[in-house]
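Heads up, what comes next is one protein chain in two forms, each shown on its own as structure tokens, labelled structure 1 and structure 2.
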Structure 1
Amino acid sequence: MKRAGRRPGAPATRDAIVAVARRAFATHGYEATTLRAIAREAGVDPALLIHYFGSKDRLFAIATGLPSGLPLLLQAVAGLPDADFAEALVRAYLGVVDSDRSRNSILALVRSAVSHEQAAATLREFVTAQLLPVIAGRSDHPDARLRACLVAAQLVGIAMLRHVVRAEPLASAGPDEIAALTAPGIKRHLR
């Protein structure tokens, strides 16, 4: 089914790439999947993938239904000094999950993850390959990765209580207040 548009064929090609990417990430995981391999399987030039999607993690987000701000969020906090990391992480995370579009993506993603093993695998892939390393890399504890999971659990739980359950006063609290109360607990798990 082709869509009408100014550049006939272009949207279909983009959709075809996303479909190939979705299958590749689901089959091989995030790390083992390359833009080059997706381009080859889709029969297009790798430069077109960069043109359409910018980067592998953006394409991953689009292919898997993750809110597209999540990979950018991780880039935004990656370069910060340790002292600022925890609070910036919470603020950036709330910036993503509080936006209307992201809220809908997250609801869709959670709904799928609970019902379909493939969606759960996608979320697992994002958490283990992208989110946990960014957090665990800030920790010197021997159990850094488990601690990173608990930090991720705090963030996931905030989105659930704020946007799915909508429990007050968390649903209406300002991002500053949440970040100020949450950051110290996160810092305990970091170096």
Structure 2
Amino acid sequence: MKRAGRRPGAPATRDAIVAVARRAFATHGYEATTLRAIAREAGVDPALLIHYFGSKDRLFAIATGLPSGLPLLLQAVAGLPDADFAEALVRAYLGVVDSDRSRNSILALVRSAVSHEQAAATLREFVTAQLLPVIAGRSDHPDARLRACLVAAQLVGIAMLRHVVRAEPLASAGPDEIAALTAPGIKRHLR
């Protein structure tokens, strides 16, 4: 018995569209990225994007999903001794932000959070539910959550200046150098 309707496309085509969308959102942000531009770069008809994803918002949500291993990485860092925590946090963060596999997802969120509420909400949810508790848990201060926000702001700022603004010498500095220079400030916030 034949099924009616459109035949499903190849999974590779869908994956290619998501990869193109991820790069486009990371490079241009949500507002400046169009479905037509994504379709053109992916070499597909724009209608295929609607078929697969339904809307630009849905494609954005799929393309900018945070890396799946991020919660486990944060849990591992949370279990480290105080002396090692700050530098390990920066190294782990840079490992995600600098990685070819996850950089575009993170940057798409950071770049788009300024002008798109869904991106801001996704980034806010990650920061408040996963990142801040790990950082705030390292401080006994009554304002531990504020201190954790300051640390998170520094980390997001590093991603912004390193990969969006591409400010030198930060853009070309090695992760070891960045971690060594950033860790003392993080430790001061958490003391």
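Under this definition, the rigid core comprises the largest set of C-alpha atoms superposing within 1.5 Å between the forms. Given the structure is predicted, the values throughout are model-derived calculations rather than measurements. The first residue in the sequence of structure 1 is number 1, and each one after it adds one.
- Only structure 1 comes from the form predicted in complex with a further copy of the same chain.
- With the core held fixed, the Cα of A171 is displaced between structure 1 and structure 2 by less than 2 Å.
- R124 is not among the residues whose C-alpha shifts by 2 Å or more between structure 1 and structure 2 once the rigid core is aligned; its shift stays under 2 Å.
- Remark: with the core as the superposition reference, the CA shift of V18 between structure 1 and structure 2 reaches 2 Å or more.
- Here F60 exhibits a Cα shift of 14.3 Å between structure 1 and structure 2, evaluated on the superposed rigid core.
- Comparing between structure 1 and structure 2 on a rigid core frame, one finds that S112 has its C-alpha moved by 3.5 Å.
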